[in-house]
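Single chain ahead, by itself, as structure tokens, in the form predicted alone.
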């Protein structure tokens, strides 16, 4: 059972004793939101993050028997690497989420191997514009530096990434701390989602989140919560 604490106007805090409990609860919330979206407009649009944290959540969600053939899955952000790379978020989603019942979902990647990061961000924007926006559900992660999606504090275009009025869908990211070029959904597309969840695990990330919310210096995760149209649901386990 989740314990509610640290709630504010910007977010609701859901704490769990274990990471598997968190994964199951988050999967249930996401499946419920997608089911409601399908009932209301005939389709569901889900964006998920990568990294190592969401694997349990993906596995839990993949087994929930909703109308996956009416769901489109895309990514919050992506490294500019082939899908076969162990660093690919698309590869992580394919191996852990698009399995079992969820194998019937449509997947739309952010990255395709073209001439440059700028080229692929433009082409992906055109492709993604055909999807049934806004997002019904977005599930974010967070680094210990306070970045979320690929909104790195040292990104040379951070101001554009965090522009809540941007009309762009996908933007390129160049940041020394990111190791390789990346693509990310713009803040504007993330914060208009019907349901936003932040999935974090471990004491270090809890402290980062609390520091971001208490500090006058705005970390990227704080920018998301400040711009979101409704409270962000934060799911945490030690």
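Residue numbers count along the first chain shown, from 1. Bear in mind the structure is a predicted one, so any value in this text is a computation, not a measurement.
This next part talks about the form predicted in complex with a small molecule, which is not shown.
149 is the sole member of 110, 149, 138, 155 with a non-hydrogen atom within 4.5 Å of the small molecule in the model of the complex. Residue in contact with the small molecule in the model of the complex (any heavy atom within 4.5 Å), chosen from 93, 142, 102, 161: 142.
The small molecule in the model of the complex comes within 4.5 Å of a heavy atom belonging to residue 51. The small molecule is not shown here, but in the model of the complex it comes within 4.5 Å of a heavy atom of residue 205.
Contact annotation for residue 189: none of its heavy atoms lies within 4.5 Å of the small molecule in the model of the complex.
Using a 4.5 angstroms threshold between heavy atoms, residue 74 stays clear of the small molecule in the model of the complex. Of the stretches 127-135, 161-169, 102-110, 76-84, only 76-84 has residues with a heavy atom within 4.5 Å of the small molecule in the model of the complex.
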